[in-house]
Every structure is written in structure tokens, then in C-alpha cells.
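What follows is a single chain, given as C-alpha cells, in the form predicted alone.
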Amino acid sequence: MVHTLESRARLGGIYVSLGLFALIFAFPFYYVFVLASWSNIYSNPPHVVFGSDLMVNIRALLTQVPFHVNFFNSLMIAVISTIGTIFFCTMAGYAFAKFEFKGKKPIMLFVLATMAIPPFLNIIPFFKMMVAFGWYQTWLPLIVPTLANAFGIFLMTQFLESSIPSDLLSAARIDGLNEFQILLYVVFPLAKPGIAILGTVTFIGSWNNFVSALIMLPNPKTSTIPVALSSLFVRSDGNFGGLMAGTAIALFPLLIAFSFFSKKIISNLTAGSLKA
């Protein structure tokens, strides 16, 4: 009886601690939505409940920047980047995890070494290359260079190496599937937890990409949400209601993406590639 009470008390303490951490981490998101509903975000005491100026702030936002264009650009770039990165990084991870070929280890070491290069060192060469390719002021510089990134390749290599048995791939080859069919019908379905993690990281990174968008799409009228909100902040006359409304709207795709992938992310901690 004593042990049961101690166990329940310990479990209750864990739940209380987790609840407090959840409130702490969720409060900034809540506060953004609260401020988006007030025209004057500065007050004493601070606003902690929702106001009635949300539509006023949205109208102010739309009159100052073409937010619908920025939202569409960010969404399409993030979606295309996520789908492309998942496909190419999974394909590369499959090759590194399940095939033996000459130069495999040096190539992987080179891929990993690129992760150690600070991104700001590549800004000038990257800009010159994109101009030479004729990609300046297009979506391509924000999509193509990230399709086979080092982090995604390493992540999928490690996941596929440990989660997909080689015997299963051999059985698929015996059944007559070629390597591309194995990739589509065997590897992708079994790699869903790893794909969920890679998809979440890629979508959030692409959606929040500010530096590349600022360099390649400098015009706020044709750029992405981070650049548009930055220009709105610079031009603001002290009334940040529209800026907070835009920030709140920009959070929705991130929350939806995380909610969509969250079950697969959690299952990655407990599930293997085969279930009894």
C-alpha cells in the first residue's frame, strides 16, 4: 500500500512537472496570438487576454505589405523543399545505408564535413552562382540547394541502416522488384518515422529562411513572409499590431506541420521497421 502511494505521488509529480514545462513553452505562442488582437501592444500591465482589434490589425497588415503573396510564396517554397528533400535525402540515405561501393566512406565523410562550414561563409559565392545560373529573384535558390543537404542524408542513412533489415530488401529483389521500386514500395513506407522528423525540420527551416530569401528575393512585394515582416518592422511607426497579426498568421503552418508529423516523430522512438 505504501509503495502504491509512493508510486502515485511520484507519477503525479512527473505529470505536474511536465504540465509546468508545457505551459512555459506554450506561453510565447499564446502571447503572440494575444498581442495580435490588440492595436497597441504596449501597455502596463501587459495584455494577457485577447482583445478586439484582430481584424483591424489584419487590415493594416494587408495594406502595408502584400501578405497574401508572401504567404503563398513561403508555403509553396516550403512544401516543394520538404517533398524534394525527403525524396532525395531518403534515396541518398538508402544508397549509403544498404549498398557497398568504392569511395563510400570518403564521400560520407565529405558530406559530414560540409556541415562544419559556417553558412555565412557561403553567402558571396552562393550569390554569384545563383546570378550566373540566372536564378536570381526566383524560387530556385531557396529550393534546389537544400534538396540533398548533409543533415538529411546523414539522418536518413542512420535511420535506414538500423530500421530496415537487409533480408527484407533481398526478399523484395527475389520477388522481382528493381531498386527504384524497392525504394518506393518498401523503403519509403518503412521509413515514415525518419521521414516525419526530416520533413518537420525541413519545413520549419524553409519557412523561417530569412537570409537566403533576403538575398535572392529582396523585394518584399515578391518575397517570403520573413522578409515581408522584417520590412514591416523597419517601416513601423510604433504601431506593431499589424506586425503581430502577421507573425501570428505565420505560426499557423508551423503548428499544423508539427501536429501532422508529431505522431510519426514519437513513434520513431519506439517503433522498429517490422511489427509482430
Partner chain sequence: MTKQEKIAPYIFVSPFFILFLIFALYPILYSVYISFFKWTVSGPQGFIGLTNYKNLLTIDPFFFKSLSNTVWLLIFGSLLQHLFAIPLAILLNNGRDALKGRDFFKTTFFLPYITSTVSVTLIFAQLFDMNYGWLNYIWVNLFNQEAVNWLQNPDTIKSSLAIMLNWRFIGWNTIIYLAGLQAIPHSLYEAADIDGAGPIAKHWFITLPQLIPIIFFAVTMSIIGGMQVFDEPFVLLGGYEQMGGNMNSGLTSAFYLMFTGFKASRFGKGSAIAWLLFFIIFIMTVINRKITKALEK
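All values derive from a computational prediction rather than experimental measurement. Numbering follows the first chain given and starts at 1. By rigid core we mean the largest C-alpha set that fits within 1.5 Å across both forms.
As for the form predicted together with the partner chain, it is not shown, yet the points below apply to it.
Although the partner is absent here, N208 is a contact residue: one of its heavy atoms lies within 4.5 angstroms of the partner chain in the model of the complex. The partner chain is not drawn, but in the model of the complex it has no heavy atom within 4.5 Å of F67. Interface residue remark: L217 is not counted as part of the site for the partner chain in the model of the complex, having no heavy atom within 4.5 Å.
Among residues of the shown chain, L61 is not one whose heavy atoms approach the partner chain to within 4.5 Å in the model of the complex.
Stretch-level contact analysis of 189-197, 116-124, 71-79, 158-166 against the partner chain in the model of the complex, using heavy atoms and a 4.5 Å limit, identifies 116-124. Scanning 29-56 for heavy atoms within 4.5 Å of the partner chain in the model of the complex gives F29, Y31, V32, L35, I41, Y42, S43, N44, P45, P46, H47, V48 in sequence order.
After superposition on the rigid core, the Cα of F29 moves by 2 Å or more between the shown form and the other one. Core-superposed comparison between the shown form and the other one: the CA of V211 stays below a 2 Å shift. Residue displacement note: V48 has its CA displaced by at least 2 Å between the shown form and the other one (rigid core superposed).
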